[in-house]
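Structure 1 and structure 2, given next as structure tokens, are two forms of the same protein chain, each shown alone.
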Structure 1
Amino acid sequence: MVNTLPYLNFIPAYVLIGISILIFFVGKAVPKISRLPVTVFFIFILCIAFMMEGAGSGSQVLFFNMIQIDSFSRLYNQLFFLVILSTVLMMSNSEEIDSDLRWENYGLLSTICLGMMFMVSSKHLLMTVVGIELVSLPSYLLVAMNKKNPASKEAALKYVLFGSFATGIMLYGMSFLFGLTGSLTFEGLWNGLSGYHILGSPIYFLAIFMTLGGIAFKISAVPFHFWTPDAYQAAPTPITAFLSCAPKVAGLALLMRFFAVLLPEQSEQMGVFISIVAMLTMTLGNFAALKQTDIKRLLAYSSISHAGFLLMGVAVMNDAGRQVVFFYIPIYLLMNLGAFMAIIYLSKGTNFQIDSYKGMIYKKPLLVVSLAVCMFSLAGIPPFAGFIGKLYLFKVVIEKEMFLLAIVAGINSVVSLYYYVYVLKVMIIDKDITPEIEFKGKPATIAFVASCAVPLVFFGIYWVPLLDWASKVVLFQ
């Protein structure tokens, strides 16, 4: 008889499954239930799940050695709950999403969250596929739900095509790995590959690189980044903010767990590969962002470049790198979510051209100042938290003697400063000669952006609490 008691460690996932089923099938099937305050109910469930994860302890292998519950997965799951909570608040302040679709939207977000939880806990290729597809399929629908932009349907179709392509490559690579090793667990794969005379051969690298295609797709890493600008530009802004944060974080966590059981000779090879991908990703993202005139498209390329920076921590292939990635991720979430919330207020769901923000400092000074903090932090300017996050990334890379990666990252940090400062220059220095626009946004929107900016200043000066939190991110404990 199977002992079900250990499975209580995975209660937050069960809760989210129940919420998904409830919202999808009960929300529209039961008459008049749509009148209930679903937003309040959904936020309450997220808070309960957050506390459940915080109360967990120890390490447990579940579902026939396919899932690993540990401090690593719990802390990442808590971040997912916080991001979804922020997304819900954004959706309630956005004109781009039909309020009649709240039940469906929250159901889709619940399903994505479940998929991300599977991704960060997975230690088996089949569970990896399940997690990635649980994230991808609802994301396609959310991108298409922009009632203000007809192009969202086209962008969603491109997203589907690229996603299907990446999944096909990933599954083909997994078939190679299973054929070579006879195992689907991460540990079994690497141990099996180490015993072959093909270690370091073309078929060895081909199988691994193809398998990583689906993960690279979620991270928006080169060469699986092509979907990002169109999807981010056409999707509702709250969904753009969500996609730029949560699935990317889940992909990075999955990547770190996948490489956690490497042998020394494999670690060196994979570290070189990840560092090359990181350099290509940050370089393409930054240089493509230089010529953008649409703020959402600019931030899309910015998110690609930050994926490259976060891959720096993955490339070192050790606990220090994994902890630095987690240290930087909350900072990245604050910067990105704050910037997108400001865009929701300023653009009113229709105009995302950067030139339309001229003279905004005179109309909404607190919002622009808060956005400036987020932008400067994204650029890595002291004394904001983004600078500290990048500083620790550079530290672990230099300690690993990856000097080329550090040099390329330094050059990209300088390049990124140009397009971030350009946005602020338009808002603060340029004069607005158009008729006065009446902003109907809620005061809560400005408060949200300010609440993101304040921690960025605080952690830029005193980051020890965040560093202590990151030190708890340990695999298999």
Structure 2
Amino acid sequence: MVNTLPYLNFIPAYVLIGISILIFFVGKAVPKISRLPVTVFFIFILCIAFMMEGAGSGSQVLFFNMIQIDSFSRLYNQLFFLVILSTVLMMSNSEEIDSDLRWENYGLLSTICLGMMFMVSSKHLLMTVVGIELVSLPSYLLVAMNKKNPASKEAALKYVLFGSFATGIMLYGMSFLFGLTGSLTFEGLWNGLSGYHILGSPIYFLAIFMTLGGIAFKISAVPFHFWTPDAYQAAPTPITAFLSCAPKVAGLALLMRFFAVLLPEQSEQMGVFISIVAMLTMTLGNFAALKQTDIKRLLAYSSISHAGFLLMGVAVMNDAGRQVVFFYIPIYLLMNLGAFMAIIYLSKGTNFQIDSYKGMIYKKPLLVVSLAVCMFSLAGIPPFAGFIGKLYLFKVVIEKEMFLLAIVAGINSVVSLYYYVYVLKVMIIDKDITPEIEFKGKPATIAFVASCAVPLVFFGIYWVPLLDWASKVVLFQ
């Protein structure tokens, strides 16, 4: 027999997150443990994991072709730790989270984290399925655990039904792929599909499209986006912020790894297919966002359209595209998390109507200015970082001569400006008629939003450090 224990040396962060899952789930059985500062402990674990991934080097294929550890997986894992860290900060500043359930919540977040780490490093369809399910199942639970909003049960059920449907379609497609090629590793699959009698035949497209369905569900790309607005609206706001960032990033990374070993003629076909999905996703997300009156639904549709923009970088199918996607993701995380944190502070109970934010600039000037930076950045207005990210996405697409995709994306950027600016118009120009209200939020919330806004301005002017970071993202190195 082969001893696989030494393999664990190469994946210390995975082991650490696995142990933290056990600690959070089992730990609650210990009496009087709820007095311990569990949030500090979780943040400490995440920081250690971040440093472990930073210290790693080299490329390894582990566990009999199951996972691949390389700079791609390490850097994405670091991003996941940062997102979960911000989510934990948001959760401890939000009233929508049941503080009795902190242990369970952190355990579920750790499980999602482990799932995302396996998604970005998997090179085998079985590991892909396990990773996707490790992310999906705790996500359903986190949506359902909202004690304040009675709609959360319904939204969670919708999420579960759509999720299991998407997984079913994905598994059906994978069974076709296995039947056609007799292999489950990514290399084996694409090599097996390269024969001329298979390439371009109906079953080839059917099998691949069905397999991509499960990944599209995680990115909430068209046509697997229907769950997004309902689940986002009913979930506690910190969970919404988390779901709008992390699983999407993991899905995109998985997609890039799935397409990393394509043969040239396959990459041509898949590039066209992904660019069609990208165009549909951004157009549908943007036009549906135009008529929203609830800020969480608006941000949900905005996140759908951003998934479309990020898919542009996937569609070009080369190293430049993958690096641009990684370049855009930290910017997207900053602006999205900042916007959601501002909503947590401004909202009362479960009222998230945009109209209730009239004249907020006179009450909380710093917060609204920071939110405005995030919103302008989401829309892609020049001095802010969102513009630079979109600029690079357009650059790689035009270099690959995908002009239609570039034109559609350009039109969509203009359309998206309308609804972002509408929110700011309500907050800044409209006069408030409601009596004075007390904000119960902590000052730390405003500091969080401001600390999201400052880097957005900084990277908008000087983005070289981010570009250097992104240039390290290379597959198989």
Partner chain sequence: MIGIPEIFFYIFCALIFGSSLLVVFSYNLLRSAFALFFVLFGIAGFYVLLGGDFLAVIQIMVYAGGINILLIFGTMMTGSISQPETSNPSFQGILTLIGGGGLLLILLIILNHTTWPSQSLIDHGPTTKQIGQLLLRNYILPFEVISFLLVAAMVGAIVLINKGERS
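Along the sequence of structure 1, residues get numbers from 1 upward. Small disclaimer: the values here were computed from a predicted structure and weren't measured. By rigid core we mean the largest C-alpha set that fits within 1.5 Å across both forms.
The chain as displayed in structure 1 is taken from the form predicted alone. Superposed on the core, the two forms barely differ at L456: its CA moves less than 2 Å between structure 1 and structure 2.
The Cα shift for P465 between structure 1 and structure 2, taken after rigid core superposition, is smaller than 2 angstroms. Superposed on the rigid core, the forms differ at L16: its CA is offset by 4.2 Å between structure 1 and structure 2.
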